[in-house]
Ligand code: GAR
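Single chain ahead, by itself, as structure tokens, in the form predicted alone.
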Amino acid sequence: MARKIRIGALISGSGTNLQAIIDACESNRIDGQVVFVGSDKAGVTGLERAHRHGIASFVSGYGAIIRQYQEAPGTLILPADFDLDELWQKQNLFGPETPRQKVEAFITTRAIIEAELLQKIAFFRPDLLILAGFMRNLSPYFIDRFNNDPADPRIMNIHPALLPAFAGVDGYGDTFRYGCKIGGCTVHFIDYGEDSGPIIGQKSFPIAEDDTLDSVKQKGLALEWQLYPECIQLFAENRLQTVLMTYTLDDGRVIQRRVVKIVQAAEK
């Protein structure tokens, strides 16, 4: 039996996936309700969509905090539970070759911003947080505090490529420029890396010789608007189970990865 879940959304732009999810909730294709929309930018179309549907919204000031860190870092107040070394070890966005100053700036500013973001989100008591075109990486500070149980993740993202190929900000563009014959989109739970969390669902489409970048994007978006609501509904039905799988390779090496299993409703 599906439960009526409370869904929070973070956006950065037009919010077309947000609209697809709102529509799916209102037509009962998702057993849930979008209870807030947060953005890192003011004045974007996605916030207007929330307003039209009577959904609470807010803006989180990423840019202001980043500028303050650059201009007057001593004036910033860190969260009481901030631990730079712990967050440094957990993050998987920057490699060892990245200058320490860059990594420290990212971790510090994100923790300050995300502490405020968590306070705003807590008021709405969401069961699930969806990233719908949110162009900011969430840090371990946020992820650990929102995911009460690491084995039961509650933050979803949609990516415009068939992961693990073409992670990053321009999935459809990368797919097109590489000359792929198939494109697609992926919904996954987020982890400490960039588009590296366990995959929930994927949809694909053929890329024809006469396709353009714009037509590839349109094909992909049409599938995104189907896939994201479907994956959210599986979450609402309590059918997503994240498990740690262990594999032994022919050469004796042992590897582990987290995967999402879709179980029958009666099994869980």
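Everything quoted here is computed from the prediction, not taken from an experiment. Residues carry their position along the shown sequence, with the first being 1.
FYI, the form predicted in complex with the ligand isn't displayed, but the following is about it.
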query: Partner contact for Pro160 in the model of the complex: the ligand, 4.5 angstroms, heavy atom; finding: yes
query: Gly133, heavy atom within 4.5 angstroms of the ligand in the model of the complex; finding: yes
query: In the model of the complex, Asp195 touching the ligand (heavy atom, 4.5 Å); finding: yes
query: Contact flag, Phe176 vs the ligand in the model of the complex, heavy atom cut 4.5 Å; finding: no
query: The ligand: the contacting residue among Pro164, Gly168, Pro73, Pro79 in the model of the complex [heavy atom, 4.5 Å]; finding: Gly168
query: Location of the ligand contact in the model of the complex, chosen stretch of 201 to 209, 24 to 32, 239 to 247, 217 to 225 [non-hydrogen atom, 4.5 Å]; finding: 217 to 225
